[in-house]
Each structure stands twice: as C-alpha cells, then as structure tokens.
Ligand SMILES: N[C@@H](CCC(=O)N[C@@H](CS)C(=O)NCC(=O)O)C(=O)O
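Shown next as structure tokens: one chain only, the form predicted alone.
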C-alpha cells in the first residue's frame, strides 16, 4: 500500500490511522508547495489534486473517512470497526459521514463569513445545528462507540481536534475533554507534532 500524504494536509489523519493500526505501508510525501499534487502522475491518482490518497494494488481510495473506513475493513482483526450488520455499524457510519458531509462544509463557510440563504435546504444546515450535533455525538467519557477506540474517533475526533486548532468553533468542556483524550494517544502524538502544543 502507498499512502500519499503531506504533514500539513488532512493526510495527517490517515497517517494517524495507519499508525494506530500498525499497518505496513509506503509513505509518499507529496510536496504541495512545489506543486507535486498538480503533476500529471498524481492527477491520475486523485484528479482533485488533494491529499491524502491511498493506493492498494489497483484500488485507489481518497477522502479521509473513505481511507480510514477502507483500512478498518481491510484489517478487521485490528478491531477498528464494528462488525457488518450490527447496530453499532450504523452509529459508526454516522460518525464517519457527518464529518465531511455536514461539519466541515459548515465550518468552511462560517470561516469565510458566509451564511447559506436557506439553511434548511443545505445538507449541513446552519452553525447552531452543527454545534448541537457535535455536542450530541461527543461521548461523555471513553470513545465514540463505547469503551473501544475506533475509526469513528480518528475521523470525528480528528476533525474536532483540527477544527479547534484553527478556531472554527469554541469547544464545550465535554468536547475539550474528548479532544484531550484523543491527544493523549501515542499514535496521535507521533503524527500531530505541529498540533500538540496548540
């Protein structure tokens, strides 16, 4: 497997996932400043010219949640995802998909000072609803799906961590405590050096 990544991209999350799982792979750093992500070679992997990307034989996976979910399913013995067909699997998918489909679009618009004219028609709604969703989904203690740390925590917790670093929202005490638990993990500390002291 080849992991295309840059430490100043969202690839830091998939790097973290790979280290949490202790999965052998080849790390390929793509120099964004030099424009390597715009090369013809890389555009064949990801036409969006974004990072990260994972290449596993003939399979190409992009998007943070997609890569993390793929890894969890490829290595089920690692225990990073609930079994297919279980109720927990539904909760797991909710955590994976709410991040890219709802939270990040809302945060991105808010950071630009843009409000959707009709938030009821937008998939991400508005910031009050986004903040209510974050609060509802953040575990009071332990991890997103219970006592075991999973891919849900890498994707959902990772986005909350990233969002507080860039001041996209003000975390409640419950969210702050969850992020602190995330940041205490050795694999997080290995991959998030630039974020640890922020």
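Residue numbers count along the first chain shown, from 1. None of these values were measured; they are calculated from a predicted model.
Not on display, but discussed next: the form predicted in complex with the named molecule.
At least one heavy atom of residue 10 is located within 4.5 Å of the named molecule in the model of the complex. In the model of the complex, the named molecule stays beyond 4.5 Å of every heavy atom belonging to residue 54. A residue is said to contact a partner when one of its heavy atoms sits within 4.5 Å of a partner heavy atom; residue 163 fails this definition for the named molecule in the model of the complex, lying far away.
In the model of the complex, the named molecule sits beyond 4.5 Å of every heavy atom of residue 154. Proximity to the named molecule in the model of the complex holds for all of 38, 50 and 64, with the criterion being a heavy atom within 4.5 Å. Screening 131, 60, 28, 32 for any heavy atom within 4.5 Å of the named molecule in the model of the complex leaves a single hit, 32.
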